[in-house]
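A single chain, nothing else alongside it, follows as structure tokens in the form predicted alone.
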């Protein structure tokens, strides 16, 4: 293994894995920190008990890169540090040459973390005196200039992220954001430095070190900027970034003779069976995708958090409704407008509302797969994490991208039964990704 990636949520993990596969790196995603798994039942579909955390045992997968998908973005910082260090230890034991801490391209965090605390913990464990922080992803409209993050033409603080229910981002100055959650000094590598090439970036990094600056926000407005940063930082033991920086790494590894790009890195097995979409994200992009599906008159079932709080059997109703739709692809959603979401959260509490929805959609996912669904699109990072854990999926093979940052994947792993009548394919979508027709595009991309 060349690259070990620690991702702070599940959709972010498939996002960065997609970048690596696109450049010819054979990439496997594991769900949670791998450990010894219990024996699995063979034959009919076997799913672990509800609430069980999946485990994965045996040697590391045969891959050029392994991405460990965690759910550490919004948990307490101390827990995020603990889980990230456990992932690091496993990746080190598996022989990684370089470590990559992957977070969202919108730098989702709070003043208490978790990007800063996890970065510093990984630096300490690796003995790293310097690293960069670069969430830029130009292909999806995330760019950094003079240390300020833009989402399209808007500053991060003016975008829909300012209303995020868990990690509202109200400051676009990433140096200020990261410094607020870090004990090490944070600096900046500006765009004019990057435009002069990798040697200029290395010189700037050396100057920052002399000023006792350990972490540098790096500007990037194009893929070429990301390639320059990848070349300049190839010898750093730790990189921290969104998925964009990963696009430039395989070429560096190939130049060093570590990697022979594989043209079939994205190949998945063919599948058959029904298709479904589960949506828990309340992002602006996902709201538009849900609305487009409903406007087309396609089957859709709304999950009401208030009904869940009252103890009503919402999951059972959704599954009965889905069965009644025959072979038609269905959408089950808890996606809501910002105003509706705020109202529900004020009544139930943000944490309680989110937990109820995640548990319900995870139960529905188990029922759908148990009744023959083999192509499942999941929208939202927290929802995706809940779904893959409920299904007992402990490993994902990464396939071709549906759109930038969102690939189809194939479920594998010790707890996931390989004896289904057809492979289970999952598309785990970050809430902010994809155009209005994403759900249709995803299902067409892997039609039975």
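Residue numbers count along the first chain shown, from 1. Predicted model only: the values in this text are computed from it and were never measured. Superpose the two forms; the largest set of C-alphas matching within 1.5 Å is the rigid core.
Not on display, but discussed next: the form predicted in complex with a small molecule.
J.: Thinking of 76, 84 and 114 as the candidate spot, does the small molecule come within 4.5 Å of a heavy atom on all of them in the predicted complex?
T.: Checking in the predicted complex: none of 76, 84 and 114 is within 4.5 Å of the small molecule.
J.: Quick check for you: of 76-84, 96-104, 336-344, 185-193, which stretch puts a non-hydrogen atom within 4.5 Å of the small molecule in the predicted complex?
T.: Of the options, only 336-344 has residues within 4.5 Å of the partner.
J.: Answer with one of 305, 160, 138, 147: the residue that has a non-hydrogen atom within 4.5 Å of the small molecule in the predicted complex.
T.: Checking each option against the small molecule in the predicted complex, the one that comes within 4.5 Å is 305.
J.: Ok, 357, 177, 277, 369: which has a heavy atom sitting within 4.5 Å of the small molecule in the predicted complex?
T.: That would be 357.
J.: State yes or no: in the predicted complex, is some non-hydrogen atom of residue 412 no more than 4.5 angstroms from a non-hydrogen atom of the small molecule?
T.: Answer no; every heavy atom of residue 412 is more than 4.5 Å from the small molecule in the predicted complex.
J.: Is residue 247 near the small molecule? Define near as a heavy atom within 4.5 Å, in the predicted complex.
T.: Output for residue 247 is no: heavy atoms all beyond 4.5 Å of the small molecule.
J.: Does residue 319 make contact with the small molecule in the predicted complex, using a 4.5 Å heavy atom cut-off?
T.: No - in the predicted complex, heavy atoms of residue 319 and the small molecule never come within 4.5 Å of each other.
J.: Contact with the small molecule in the predicted complex for residue 394, defined as at least one heavy atom pair within 4.5 Å: yes or no?
T.: No, residue 394 is distant from the partner.
J.: Can we say the CA of residue 398 moves by at least 2 Å between the shown form and the other one when the core is superposed?
T.: It does not reach a 2 Å shift.
J.: On a rigid core superposition, would residue 287 pass a 2 Å threshold for CA movement between the shown form and the other one?
T.: Yes, the C-alpha position differs by at least 2 Å between the shown form and the other one.
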